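Just the one chain here, the form predicted alone, laid out as structure tokens.
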Amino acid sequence: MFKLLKQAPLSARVGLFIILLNVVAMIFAPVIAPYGETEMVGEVWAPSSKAHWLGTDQLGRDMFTRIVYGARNTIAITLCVALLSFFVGCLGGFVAATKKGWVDQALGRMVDIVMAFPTLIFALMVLSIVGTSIPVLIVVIAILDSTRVFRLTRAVAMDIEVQDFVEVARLRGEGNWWIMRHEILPNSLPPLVAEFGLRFCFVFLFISALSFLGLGLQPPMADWGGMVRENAGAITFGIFTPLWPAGAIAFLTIGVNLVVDWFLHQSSQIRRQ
């Protein structure tokens, strides 16, 4: 791993540094943040100072503290959603590719029905009905996102399932579950890992968009998308407070994409010159 990192291009190292920075902020938020997550410590929209490095928000809370806690809340929930959506999507895709027949048709049509609705509109409709608690938010977004994972997983698994080594395993009497675990899954990891990075970015931006619309993480929890919405009025007065959480969203998204791009080059044995 150390040798691989030494050979990584500058863009990948920058991406890894950005991800590591956000992970540290997520894990050690109470230690890094100088104030409490909901503590009001200054005037409304105060400028940057020694006491408040990034100024204060619309309620007088420290922006640096809110961004650090926002990393913990937003990234943790995004990771839960991405992991759940990949578990559901990969399992469904592998089952459809190996079982075929009516199982493949039934799963495919169910996915088609869900994908027929615009993702954001469907999420807004469901969350408006069932509420916006964190477990509901995770399950709803994971189900919506798993449809994309299902399509990719099924396509990749279909190509692997017709290979000679899979036919040999079937002739040996191996069952579908064994083939999925020992033949299809290991050979489909590179595209799936790359897709996981892209899905993480999509879910991250999607949760931020829902929070901006008021249906994501609810106040007083710190959330980058919600912080942009709460402080949007500051732009009218020439105060750039909402740009800090917006920049944090862009910062992490760029970092993950840089690492995904490097991984795609590594998995396809392409090296940057």
Partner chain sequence: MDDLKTMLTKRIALGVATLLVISILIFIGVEALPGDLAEAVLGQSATPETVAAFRKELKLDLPPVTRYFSWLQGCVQGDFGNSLANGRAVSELIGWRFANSLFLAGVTAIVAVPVAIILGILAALYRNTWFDRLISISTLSTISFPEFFVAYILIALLSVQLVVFPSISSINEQMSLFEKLHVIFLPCLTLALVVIAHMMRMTRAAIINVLTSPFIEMAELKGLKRSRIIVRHALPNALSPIINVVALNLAYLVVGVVVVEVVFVYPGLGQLLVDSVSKRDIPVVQASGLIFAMTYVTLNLLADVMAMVSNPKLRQPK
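Positions refer to the first chain, counted from 1. Everything numeric here is computed off the predicted structure, so don't read it as measured data.
Keep in mind that the form predicted together with its partner chain is not shown, yet the notes after this line are about it.
Student: Please identify, from 174-182, 135-143, 74-82, 114-122, the stretch that has a heavy atom within 4.5 Å of its partner chain in the model of the complex.
Tutor: Looking at the partner contacts, the answer comes out as 114-122.
Student: Please check if Ser128 has a heavy atom lying within 4.5 Å of any heavy atom of its partner chain in the model of the complex.
Tutor: It does: once its partner chain is placed as it appears in the model of the complex, Ser128 has a heavy atom within 4.5 Å of it.
Student: Consider Leu205 of the chain shown here, and say whether it contacts its partner chain in the model of the complex, taking contact as heavy atoms within 4.5 Å.
Tutor: Because a heavy atom of Leu205 falls inside 4.5 Å of its partner chain in the model of the complex, the answer is yes.
Student: For Gly247, is any heavy atom within 4.5 Å of its partner chain in the model of the complex, or not?
Tutor: Although its partner chain is absent here, Gly247 would touch it in the model of the complex, with heavy atoms inside 4.5 Å.
Student: Does any part of Tyr35 reach within 4.5 Å of its partner chain in the model of the complex? Heavy atoms only, please.
Tutor: No, no contact at 4.5 Å.
Student: Heavy atom within 4.5 Å of its partner chain in the model of the complex: which of Leu54, Val41, Met221, Ala209 fits that? Just give me the one.
Tutor: Selected residue: Ala209.
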